[in-house]
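Coming up is one lone chain in structure tokens, specifically the form predicted alone.
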Amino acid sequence: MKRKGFYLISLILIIVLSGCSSNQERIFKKSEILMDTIVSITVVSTSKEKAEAAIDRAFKELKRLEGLLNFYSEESEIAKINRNAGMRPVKVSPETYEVVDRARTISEKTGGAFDITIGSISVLYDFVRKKRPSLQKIQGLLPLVGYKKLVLNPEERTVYLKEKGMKIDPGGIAKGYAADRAVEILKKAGIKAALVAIAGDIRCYGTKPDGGDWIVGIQNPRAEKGEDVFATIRLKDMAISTSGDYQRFFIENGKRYHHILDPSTGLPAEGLISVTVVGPLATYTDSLATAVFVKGLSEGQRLAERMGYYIVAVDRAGNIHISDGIKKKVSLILDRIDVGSEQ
């Protein structure tokens, strides 16, 4: 089954381009369609040839990771793990093993608010055709969701799902992990500053040619009602990810059904409409954005901050909440989000 449609980009690059500085550093940028979305890699370099070669290497790595981690491709290692659920462990590449291992760690730290084994339910939602599974169907599949039934063997580098019908869906962590890997490639290629954006998952390091921080805009989750961006944030050597109920959704009988599922119910999580997480690694900003959304504001913020990450969240009333640790880096364009008559 192929996923149709693309993620709406929820983090918008702002003021990326800059004039040459005294040492002739310049901005070079390339974008491609990968991982069902737009991927942009922006680097700072004094050499066009060096910049282009580094960007091409990073894209090559992203394409390789897409082949390993694609939930919707029968050829991926994720699909092989899922096909062998309840039957046998599957030996996988170091990268796939690392993604699953980190996902399990996040599942443990979040008490299952993020759970990579949500796949048996997430696959039933179709946000293009506006179809969702029945409550009875969801309840029948809930026993197949549970990270504690995920068995990892580091010596053999195998992944095993204990029950037949279980499915790993890495959609809540793969893009962040890929952004981190792309940054590793760029650093090894000698690039001193760069920004990798995979839809709403961004990782940057270094500074722009003028010495300034990278500036990213956080998308208004109800953009049709006004400004496209409700805030900007200055970043240096950080990652940022957003999860929102506006990225993949449909409205049925006045109710919004979106892709951020609560693993305990199999239903779309409620309480927030947008969560942006900022911190050192995109692997964790990506997965924590989902976990905070599911946990809700108070518990989710405490969880993120205990792990050294910070949030910008919008609740269902349109109020904006910002962790103290990043308030000085955030500039609000709107004081609150106009959610209209939504409840």
Partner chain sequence: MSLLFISLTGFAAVQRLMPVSTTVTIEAEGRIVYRLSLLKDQRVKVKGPLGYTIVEIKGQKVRVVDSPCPKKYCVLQGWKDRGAIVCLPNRVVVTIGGKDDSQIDAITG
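Positions refer to the first chain, counted from 1. Note that the coordinates shown come from a computational prediction; the quantities given were computed from them, not determined experimentally.
The form predicted in complex with the partner chain exists for this protein as well; it is not shown, and the discussion that follows is about that form.
- Highlighted residues 128, 216 and 241: every one comes within 4.5 Å of the partner chain in the predicted complex, counting any heavy atom.
- Although the partner is absent here, residue 38 lies within 4.5 Å of the partner chain in the predicted complex, judged by heavy atoms.
- Using a 4.5 angstroms threshold between heavy atoms, residue 331 counts as touching the partner chain in the predicted complex.
- When the partner chain is considered in the predicted complex, residue 26 lies well away from it, no heavy atom lying within 4.5 Å.
- Using a 4.5 Å cutoff between non-hydrogen atoms, residue 246 counts as a contact of the partner chain in the predicted complex.
- When you look in the predicted complex, the only residue of 108, 74, 252, 228 with a non-hydrogen atom within 4.5 Å of the partner chain is 228.
- Contact annotation: of the candidates 161, 195, 118, 99, the single residue with a non-hydrogen atom within 4.5 angstroms of the partner chain in the predicted complex is 195.
- Stretch 232-240 is the answer when you ask which of 263-271, 77-85, 133-141, 232-240 has residues with heavy atoms within 4.5 Å of the partner chain in the predicted complex.
- Using a 4.5 Å cut-off on any heavy atom, the residues of 183-212 that reach the partner chain in the predicted complex are, in sequence order, 195, 197, 199, 200, 202, 208.
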